[in-house]
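A lone chain, given as structure tokens: the form predicted alone.
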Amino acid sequence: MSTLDKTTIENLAEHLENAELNAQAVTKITDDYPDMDWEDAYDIQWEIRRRKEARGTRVTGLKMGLTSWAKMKQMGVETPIYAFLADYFSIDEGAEINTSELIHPKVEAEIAVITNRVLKGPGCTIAQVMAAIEAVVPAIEVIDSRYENFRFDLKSVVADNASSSRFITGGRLRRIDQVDLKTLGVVMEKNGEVVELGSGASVLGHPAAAVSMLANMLAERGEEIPAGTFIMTGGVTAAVAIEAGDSISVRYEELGSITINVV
């Protein structure tokens, strides 16, 4: 049950979207609205999405966040979170990440998938997800919380579209039968040094579990995952802070590699 009225939700959506678009940090919104609940948080996120779409921005995908059991335990939550990806978040491989457009960016290696049929909850299973995956895609997500000094709680993060800001795809696309999503290994290097290692199993035990959970969470709002959706399943590695001058390279088993330069 929502605790915030429609006007407050619209105002908070405008506030957080302006923070994102202007790269200006703000205090976490639960400071002013301590009683807001999860439904409020997602209402704000969906209002940010509505605002962007009303201006002609296209939503080009979805993402899951907080998909590691260790991270959930650390944050004291039982469920991952989801968010949307806007068209201008996408950066071509080889292009530069411009830190002047961001507040305090971090990068995570991700395994992404593209679906070829509708996925609908409740009751969406991993088997249904596996049957619906057209391609497996390597990706790097650049997350950028809009909250100053990284002071936030999870409801504030959900409202802030789960810190979404940029993502890069590259490497090689593979069919689902060409890779083992669970054991797929990932190595992240920063300025030539290995900083993170991970595998698909880091994502809820299996990246497809994140997609089935996404379908089931969307069903609570009467929404579904359309056919042809690009979905980032969640960080395979921990998030690594970046600043101008850094070079990040991620190698994916069977999927090639992605390199980005930070300016």
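Just so you know, these numbers come straight off a predicted model, no measurement behind them. One rule holds for the numbers: they count along the sequence shown, beginning at 1.
From this point on, the text means the form predicted in complex with a small molecule, which you will not see here.
Asks: Which of Ile225, Ile48, Ile29, Leu66 has a heavy atom within 4.5 Å of the small molecule in the model of the complex?
Replies: Exactly one listed residue reaches within 4.5 Å, namely Leu66.
Asks: Here the chain is shown alone; which of Met188, Leu181, Ala162, Val137 has a heavy atom within 4.5 Å of the small molecule in the model of the complex?
Replies: Exactly one listed residue reaches within 4.5 Å, namely Ala162.
Asks: Does at least one non-hydrogen atom of Gly235 fall within 4.5 angstroms of the small molecule in the model of the complex?
Replies: Heavy-atom contact with the small molecule at 4.5 Å: present for Gly235.
Asks: Taking any heavy atom pair closer than or equal to 4.5 Å as contact, tell me whether Val118 reaches the small molecule in the model of the complex.
Replies: Val118 lies outside the contact set for the small molecule.
Asks: Contact with the small molecule in the model of the complex for Lys71, defined as at least one heavy atom pair within 4.5 Å: yes or no?
Replies: It does: once the small molecule is placed as it appears in the model of the complex, Lys71 has a heavy atom within 4.5 Å of it.
Asks: Is Ala95 a contact residue for the small molecule in the model of the complex, using a 4.5 Å heavy atom cut-off?
Replies: Result no; Ala95 lies far from the small molecule in the model of the complex.
Asks: Looking at heavy atoms inside 4.5 Å, which stretch does the small molecule contact in the model of the complex, given the options 169-177, 189-197, 144-152, 127-135?
Replies: Only one stretch passes the 4.5 Å heavy-atom test: 144-152.
Asks: Is every one of Glu17, Leu62 and Leu102 within 4.5 Å of the small molecule in the model of the complex, counting heavy atoms?
Replies: The answer is no: none of the three residues contacts the partner (heavy atom, 4.5 Å cut-off).
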